[in-house]
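A single chain, nothing else alongside it, follows as structure tokens in the form predicted on its own.
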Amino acid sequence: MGTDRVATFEAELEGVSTVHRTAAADFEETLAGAIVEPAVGTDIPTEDVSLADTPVETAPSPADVLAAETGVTPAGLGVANYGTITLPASEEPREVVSLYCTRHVAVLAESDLVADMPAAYDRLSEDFAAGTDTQILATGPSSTADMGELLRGVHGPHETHVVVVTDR
């Protein structure tokens, strides 16, 4: 069932974002293929996946963020049939890291990928009840067509990648 969700998620993001599948043991190698240095990021809240042994600066200064090509953050949830991820509010600078860099790489556990928006609302209501009451829903890079032509990266990243960790 999880593999079907990942396939649906990949299909929804085709031409919009790049999806990388990986096992936790291969995370660092997969991440290396998704980032462009210099890279900044925030901690990934899990025991088996970490940015500690990667070239990602996890305590970035404002100058580090401005100079970075890539921002790496955890995703709270993925919605397969929308190709959407959520970025929960936190005390870490996740929003800045995900929006200011040219490339955003979101790390998502396959177990946090739900089929559709009703399932996402069920999970989000749990987060809201627990006090995480602000989440960004992102589908691909920032874009706008306000000026008649689709422009990407106007209000955020130009490129997005999602690393789906399949054994979590």
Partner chain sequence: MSSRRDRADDLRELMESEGEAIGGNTQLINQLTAENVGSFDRYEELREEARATKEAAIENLPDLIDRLEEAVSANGGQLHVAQDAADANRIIEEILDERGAEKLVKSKSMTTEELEVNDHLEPDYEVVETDLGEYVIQVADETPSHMIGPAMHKSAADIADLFNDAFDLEEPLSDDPAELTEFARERVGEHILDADAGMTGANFVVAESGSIMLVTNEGNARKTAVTPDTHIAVTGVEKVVPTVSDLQPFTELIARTGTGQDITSYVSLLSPPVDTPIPDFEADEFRPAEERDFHLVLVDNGRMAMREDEDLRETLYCIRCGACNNACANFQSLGGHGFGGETYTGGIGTGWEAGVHEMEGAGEMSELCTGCSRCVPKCPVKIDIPWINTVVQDRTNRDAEPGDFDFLVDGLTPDEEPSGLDLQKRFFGNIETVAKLGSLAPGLANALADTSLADWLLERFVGVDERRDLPEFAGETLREWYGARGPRVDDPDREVVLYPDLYTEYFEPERGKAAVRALEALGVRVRIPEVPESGRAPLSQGMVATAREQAERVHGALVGHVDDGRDVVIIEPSDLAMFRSDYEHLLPERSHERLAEHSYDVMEYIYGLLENGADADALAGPAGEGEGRGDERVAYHSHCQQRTLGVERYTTAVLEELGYELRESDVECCGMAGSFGYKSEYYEVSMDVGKRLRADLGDVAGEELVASGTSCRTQLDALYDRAATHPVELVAPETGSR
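Just so we're clear, the structure is a prediction, and the values are computed from it rather than from any experiment. Here the rigid core means the biggest group of C-alpha atoms that line up within 1.5 Å when the two forms are laid on top of each other. Residue numbers count along the first chain shown, from 1.
Keep in mind the form predicted together with its partner chain is missing from the figure; the text below concerns it.
Across the options 31 to 39, 135 to 143, 105 to 113, 48 to 56, residues that bring heavy atoms within 4.5 Å of its partner chain in the predicted bound form belong to 135 to 143. The shortest heavy atom separation between Glu10 and its partner chain in the predicted bound form exceeds 4.5 Å. Although the partner is absent here, Ala25 sits far enough away that none of its heavy atoms falls within 4.5 Å of its partner chain in the predicted bound form.
Heavy atoms of Glu149 reach within 4.5 Å of its partner chain in the predicted bound form, making it an interface residue. Not displayed here, its partner chain is approached by Val96 to within 4.5 Å at the level of heavy atoms in the predicted bound form.
No residues of 13 to 38 lie near its partner chain in the predicted bound form, the criterion being any heavy atom within 4.5 Å.
Once you line up the core between the shown form and the other one, the Cα of Asp146 ends up 2 Å or more from where it was.
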